[in-house]
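To begin, one chain is listed below as structure tokens, in the form predicted alone.
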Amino acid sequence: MKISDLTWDEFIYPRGAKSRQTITAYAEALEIGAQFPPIKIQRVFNYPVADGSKTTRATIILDGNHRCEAFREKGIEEIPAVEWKEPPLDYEKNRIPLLLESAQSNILHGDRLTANDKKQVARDIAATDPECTYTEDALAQKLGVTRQTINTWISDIRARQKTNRKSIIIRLSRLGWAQEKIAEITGMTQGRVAQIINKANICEINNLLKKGHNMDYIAAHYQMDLALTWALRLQGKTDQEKFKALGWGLRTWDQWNFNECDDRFGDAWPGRIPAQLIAHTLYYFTKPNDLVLDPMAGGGVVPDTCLLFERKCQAFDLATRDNRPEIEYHHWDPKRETWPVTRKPDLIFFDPPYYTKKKKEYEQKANTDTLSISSYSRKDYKQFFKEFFTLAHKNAKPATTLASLNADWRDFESTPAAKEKSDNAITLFDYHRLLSETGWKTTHRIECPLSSERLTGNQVQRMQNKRILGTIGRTLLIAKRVRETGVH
């Protein structure tokens, strides 16, 4: 196969990152005439094009990406390959089988999958398999781990998928939805909806806890997702008591460093942020029963955290799914000045795509008819922010707070820091300026850094050698609405 004809699919190929050490070792072996086994490939059709406009055919790598990289670096244009199945497969219908085959191949030889890689594979499959076609036993066999390990990795996802209409009604009610709208969503009468809401209590959960059952068991027992189960358990507690019960330290300074997402809140999603970050924002800048607007809800971590801390929430996104009825479809086109929120929010938590970071992942999640803003040009991306902040200002009340989470995007890929082109960058200074121009006054700057552990030792060494300055910074800007927008 010509290496130039091969596609590395980040969903199908199960590793979190390529190993520079492995590629270098393979390249050195090629220099002394080493022979490598063929890579494993699969021809597919109905493969999505990057811009989402159409589908095409592709040949994707199932096993052997490090070998491909080594061959490419040595200037070798062709590589031995074997195909998994003939004839070509429908990509959309076979994504999970392809992922499993790739994962299984990568646990048998070569640079084997890490536990985190296997966990992500299991969670990706579970999240796209609401009918539970792939059992814990089947996943355990494919990934070479125990059934208990698989259950630990995906129990929160399975709990969400088993959510019944009763828990949906309770969830929507606690997030502030009107009973009439809940009845429309669930297909029940408004009277029945009211009965279910009025009977919701925490006594049964406490009784099961006293019997020694854990929260995973209780969520599965009542066919509720973990976020709602925790919300019911901690109902009526103070915010501080909730932080303590969840095992979250309450930060009393302006640096919120959370390296891991809490899997109890929010689905696995591109650019997922920790619930702890949301919780701190709610603690310092809202009070119980305040309304929070989440305009780009993604995996639902904001509504989950609002549910827990007894805040109301309206959430919107381009990507919607059945197990997340609280996330409504909305395409933000500020030029049309469409504002779908039923009342003026107390807090707007704005966590958009960080320019082109994870562009491909967002495109796979979003509605194929509507591009994510991560696909915009730099000029259009900044213009979107200006128009959105202006629209939010028009529809906010005098006391509304806007919390905007974002990170610097710089053109530093393989570029020494001194040679970066600033004209290609979008930074915190741009977001601050856009807020100021559209009637928002920044009151707090809170640092929420990304983990440096996502970079391997080899990547760090390469960056040091080339004087490349990466970025792990991420900042939450807190702004208050002022009466004059300053927009001309």
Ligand SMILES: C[S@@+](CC[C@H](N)C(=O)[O-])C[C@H]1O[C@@H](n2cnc3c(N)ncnc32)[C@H](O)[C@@H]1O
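Please read these numbers as outputs of a predicted model, since none were measured by experiment. Position 1 is the first residue in the sequence shown; the rest follow in order.
In what follows, reference is made to the form predicted in complex with the named molecule, a form of this protein that is not presented.
Q. Counting only non-hydrogen atoms and a 4.5 angstroms cut-off, does P88 reach the named molecule in the predicted bound form?
A. Judged by the heavy-atom cut-off of 4.5 Å, P88 is well away from the named molecule in the predicted bound form.
Q | Heavy atom of W269 within 4.5 Å of the named molecule in the predicted bound form | A | Contact check for W269: yes, within 4.5 Å of the named molecule in the predicted bound form.
Q. Taking heavy atoms only, is D156 within 4.5 angstroms of the named molecule in the predicted bound form?
A. No - in the predicted bound form, heavy atoms of D156 and the named molecule never come within 4.5 Å of each other.
Q) Quick one: does G298 come within 4.5 Å of the named molecule in the predicted bound form, counting heavy atoms only? A) Yes, G298 sits close enough to the named molecule in the predicted bound form that at least one of its heavy atoms falls within 4.5 Å.
Q) Within 4.5 Å of the named molecule in the predicted bound form, heavy atoms considered, which of L226, L318, L98, I170? A) Comparing distances to the named molecule in the predicted bound form, the residue within 4.5 Å is L318.
Q: Just give me the single entry in S404, S102, S372, T281 that has a non-hydrogen atom within 4.5 angstroms of the named molecule in the predicted bound form.
A: Flagged contact: S372.
Q: Determine which one of 299 to 307, 244 to 252, 226 to 234, 144 to 152 lies within 4.5 Å of the named molecule in the predicted bound form, judging by heavy atom distances; exactly one does.
A: Only one stretch qualifies here: 299 to 307.
Q | the named molecule in the predicted bound form - contacting residues of 325 to 352, heavy atom within 4.5 Å | A | Heavy-atom contacts within 4.5 Å come from H330, H331, W332, D351, P352.
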